[in-house]
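First, one chain by itself in structure tokens, the form predicted on its own.
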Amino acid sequence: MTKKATTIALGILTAIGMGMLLLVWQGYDPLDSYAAVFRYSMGSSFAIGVTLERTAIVAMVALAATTTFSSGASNLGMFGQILTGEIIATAIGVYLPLPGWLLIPAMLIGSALGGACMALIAGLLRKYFNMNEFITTLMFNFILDYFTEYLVNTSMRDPLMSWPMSKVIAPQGVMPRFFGFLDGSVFFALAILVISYILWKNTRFGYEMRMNGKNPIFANYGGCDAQGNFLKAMALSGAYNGLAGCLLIIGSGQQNRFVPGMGENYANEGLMIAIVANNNVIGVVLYSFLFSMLNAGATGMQLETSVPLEFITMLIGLTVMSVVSIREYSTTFINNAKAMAENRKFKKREVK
């Protein structure tokens, strides 16, 4: 087993063990609680479909965070860009009369472009006005939250609903289901993840992005367009978030309408996944599935064992801390062990 796989396994097992101790301390049966989580997230074809659909959405957000982090940029505007994708997808789905084979691609493309534009604005503000994108993307969350809420309270509001929300998109704009339980967004997200992995690992674009993240000065001297790559990373990250917002609207297991504030939990979770996955696409898929499984089974756990839903949030936090701390400690431990081994070899040569 490689060091990376060992770190992941130890981190997850440590978090599960700590969670079990906390459950025992609070008077709950840990085995029953974890069994309920598994049953309600993976125990039936319907449960698997819900878990995988959630995985598809959160993986897109985590991929967005991974793109900027590994490129030396910062994008904390995931929530605002998700909202942008949602509102554009809703507007196209409600007001543009197109057949399904045109409507779904139009919603996906429109949402991706909208999210990309929001992130790119922050990138341009840094390029031309030296404004920190960490701050601007964060502030855009509030602007876009209030702006989309204004839209859904005025021109886009469904008059038949007492609570502010948009009309439902056209039926042909909803993703199809496969095998009776698997939403089409799962296959779409999987295709995007595979393309992103190939792009990041096997192309000049991906190499320049990674070099820009590790050492922008070296990348610039090596012939990379540091400023251009920064803007590309921001736009690509925003596009992923916009696509995640679109999937929240067009998924067959979703409400298929815009509701104010929808998607904030995905933004927070995607950021955590990017950190715990150490900006690795395969890690993004793994942790997106794990966290989605926990969230999908949380309600069933509460129904069967009375363990509060907040326990799952705490368990996710424990997983993040466990994996990151074990990864950092193992790196330090291995480096120290290598240094000690080299020191012993040097002393032996001195004696000779």
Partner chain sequence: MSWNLILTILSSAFSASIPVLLAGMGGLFTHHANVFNISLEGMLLVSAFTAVAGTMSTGSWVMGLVYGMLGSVFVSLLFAFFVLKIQMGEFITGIAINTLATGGTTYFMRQMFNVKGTLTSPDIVSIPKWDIPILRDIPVLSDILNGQPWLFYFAFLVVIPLVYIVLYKTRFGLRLRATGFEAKAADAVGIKSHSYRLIAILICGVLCGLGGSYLSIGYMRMFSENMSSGRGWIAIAIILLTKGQPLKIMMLALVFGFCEGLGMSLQGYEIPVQFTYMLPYVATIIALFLDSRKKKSVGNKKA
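Note that the rigid core is defined as the largest set of C-alphas that superpose within 1.5 Å between two forms. Positions refer to the first chain, counted from 1. None of these values were measured; they are calculated from a predicted model.
We do not show the form predicted in complex with the partner chain, though everything after this point is about it.
Just one of Leu190, Met131, Ala170, Cys117 comes within 4.5 Å of the partner chain in the model of the complex, counting any heavy atom, and that one is Met131. With the partner omitted here, the residue from Leu113, Ala106, Ile275, Leu98 that has a non-hydrogen atom within 4.5 angstroms of the partner chain in the model of the complex is Ile275.
The stretch from 121-129, 82-90, 247-255, 155-163 that comes within 4.5 Å of the partner chain in the model of the complex, counting heavy atoms only, is 121-129.
Interface membership of Gly43, defined by any non-hydrogen atom within 4.5 Å of the partner chain in the model of the complex, is ruled out.
Taking the partner from elsewhere, Asn280 is found to have every heavy atom lying beyond 4.5 Å of the partner chain in the model of the complex.
Although the partner is absent from this view, Thr305 stays clear of the partner chain in the model of the complex, with no non-hydrogen atom inside 4.5 angstroms.
Although the partner is absent here, Phe289 lies well away from the partner chain in the model of the complex, with no heavy atom inside 4.5 Å. Residues of 57-90 lying near the partner chain in the model of the complex, listed in sequence order, are Phe69, Leu76, the criterion being any heavy atom within 4.5 Å. With the core held fixed between this form and the one not shown, Met293 has its Cα displaced by under 2 Å.
Core-superposed comparison between this form and the one not shown: the CA of Phe311 exceeds or equals a 2 Å shift. Shown in the overlay between this form and the one not shown, fitted on the rigid core, is a CA shift at Gln26 of 2 Å or greater.
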